[in-house]
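In what follows, one protein chain appears twice in different forms, each by itself as structure tokens: structure 1 and structure 2.
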Structure 1
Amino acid sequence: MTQSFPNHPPAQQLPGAATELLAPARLQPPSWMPQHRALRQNPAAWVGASILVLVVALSLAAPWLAGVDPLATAPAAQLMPPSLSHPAGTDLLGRDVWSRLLWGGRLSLGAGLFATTLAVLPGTLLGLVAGYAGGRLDMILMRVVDVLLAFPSLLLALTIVALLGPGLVSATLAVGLAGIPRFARVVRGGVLAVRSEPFVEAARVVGCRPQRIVLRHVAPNVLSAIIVLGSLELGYALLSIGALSFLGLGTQPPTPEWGIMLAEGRLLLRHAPWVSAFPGLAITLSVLAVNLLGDALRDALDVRTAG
């Protein structure tokens, strides 16, 4: 690969202000850094990684840290505000929110990541194929994608629930499948933008096989879009699973899962805000962490493709 490829330096090398960014001094070809250094020197990545490690560790340590059974109800101790004995308070049924939060992390993060993977991988593949192949195949694939995109995800979810029975698995599948066409379309858009770039043309001229061109030249260049959307997809997934629970069709009670905890807590918003605030915070933090990491990863990957 030659210097003509449209790659750019990692974000953390960029100076803060636009004027600086555009200063002639910065127009020299950047000095490439090794990827591990890029990741290490990115404070955002550090924050993201720390949060994620913390959240995952807390979830995995649930059996030791939770203290009480997340399912144990105690109607007499309902809606207690956060205290020493209940660090995150109790919910309507008197269950310990902290314990449910920890145990819920396993299910929520697992389901969210699974749904995201389910959306990103096939979606990206479809988009790459459609965008690179072009012509009739692109046309057909994109029409199918359009139809799927317009398809109400609730109907899809209900059909899956009807076939598999209600529960977290059905909800995860439904949310993941519903995300595929989104990625297909965005990736295809990105591919269209780069496929006529000189470096792709060049690869074609020197006789690279299509698979190789797509994987080695096209894919890395739409990667930033995929990472950005993919890291946000986790948020979508966690919330969509919650929204299905809001309709009573997602996670089945009494399973502790952040989405259903949030849905259950909204009726109590004015009376016991902690019931929904903690799972809400957990979702936001997790999504934030994944996004920070995603950004860093995007920058790091750019370095590699340049080298």
Structure 2
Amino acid sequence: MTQSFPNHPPAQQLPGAATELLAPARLQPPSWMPQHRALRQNPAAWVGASILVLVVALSLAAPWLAGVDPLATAPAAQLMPPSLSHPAGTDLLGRDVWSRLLWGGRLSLGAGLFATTLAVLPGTLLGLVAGYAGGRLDMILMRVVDVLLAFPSLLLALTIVALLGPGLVSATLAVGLAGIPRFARVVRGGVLAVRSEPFVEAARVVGCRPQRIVLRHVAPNVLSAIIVLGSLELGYALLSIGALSFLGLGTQPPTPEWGIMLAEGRLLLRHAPWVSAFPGLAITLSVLAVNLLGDALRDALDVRTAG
């Protein structure tokens, strides 16, 4: 006598082994309760989130906290040390460093986030397609990725900026495009490790379309790798965009941005170290914060270890 299951129509009767694998095929990332608990218990998450929230909040509140125009010059007040009237001192042109630091944070953080997004989305898509499809498509995509990875990331970014011309937009696009091969390679490796798992095979047996298998069963299992690499990429993007601005290929004077502020203060380290110390500290704290928070999120969102 055949037992009927209400959730499966008779036309899709399956062998016993495939039926037992249906539960893993529906595996989803754990609920937010254990993840939230893991984040609360991780000191790195608190430190990283606190620093990042502080830096972002100060940058967003620049119109109210800056006090003065970041482009306003005052030759009579040049190279003044930090004081009550100028919390971070002034630069060679008498511009308020605190005001430029806050307004520059908007550009630096926004450009870093956009560059990271530009690297994550296409890179993840390429890695998922190459890893799951395999065969000739995988070979072609990975050979292109290998060629791009053969160039140092900063050199590749410099080449793109040289083609597009200097400017913050060009620097952001260059850093984002240079990060795509790293995501494609890492995600593709994660997909290769997951695509032969029993729950993926079960999804194929029950007739799931490849797009559904990739998005619902494969992608969640490489999410932790994407988060970790994404946090590292955001820190790398902040450093790279700052480096391009420092070299004169990114943000152009007099626009306030952390990288150009470092360049403007490099010749004043002995006489006015605050001109470059404050933007350098802002970059350091931002990169440290995203790395700490990314590592904590990786531990919390890992679908294989979260309970």
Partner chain sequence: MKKMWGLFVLSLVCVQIIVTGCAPAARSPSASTPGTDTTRHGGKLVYGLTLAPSGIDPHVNASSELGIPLTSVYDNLVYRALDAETDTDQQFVPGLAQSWEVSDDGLAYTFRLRHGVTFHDGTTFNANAVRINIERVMNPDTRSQKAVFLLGPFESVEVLDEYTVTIHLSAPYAPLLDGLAQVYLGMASPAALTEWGMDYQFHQVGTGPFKFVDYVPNDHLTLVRNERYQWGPVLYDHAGPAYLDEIEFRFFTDPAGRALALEAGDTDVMGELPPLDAAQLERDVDFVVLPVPVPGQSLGLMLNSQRPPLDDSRVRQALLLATDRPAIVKAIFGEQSPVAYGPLTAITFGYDPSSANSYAYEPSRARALLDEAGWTDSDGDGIRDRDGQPLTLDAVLMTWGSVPEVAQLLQSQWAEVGVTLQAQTLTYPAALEAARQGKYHLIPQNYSGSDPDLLWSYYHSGVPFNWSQVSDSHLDEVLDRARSLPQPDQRSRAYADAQQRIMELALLVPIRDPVNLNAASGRVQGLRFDAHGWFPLLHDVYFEQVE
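Please read these numbers as outputs of a predicted model, since none were measured by experiment. Throughout, rigid core stands for the largest set of C-alpha atoms superposing within 1.5 Å between the two forms. Residue positions are counted from 1 along structure 1's sequence.
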{"query": "Of structures 1 and 2, the form predicted alone", "finding": "2"}
{"query": "Rigid-part membership shared by V186 and G127 between structure 1 and structure 2", "finding": "yes"}
{"query": "Whole-degree angle by which the smaller rigid part turns once the larger is superposed between structure 1 and structure 2", "finding": "12"}
{"query": "Angstrom shift of the Cα atom of L156 between structure 1 and structure 2 (superposition on rigid core)", "finding": "4.1"}
{"query": "C-alpha positional change at L285 between structure 1 and structure 2 - rigid core reference, Å", "finding": "3.1"}
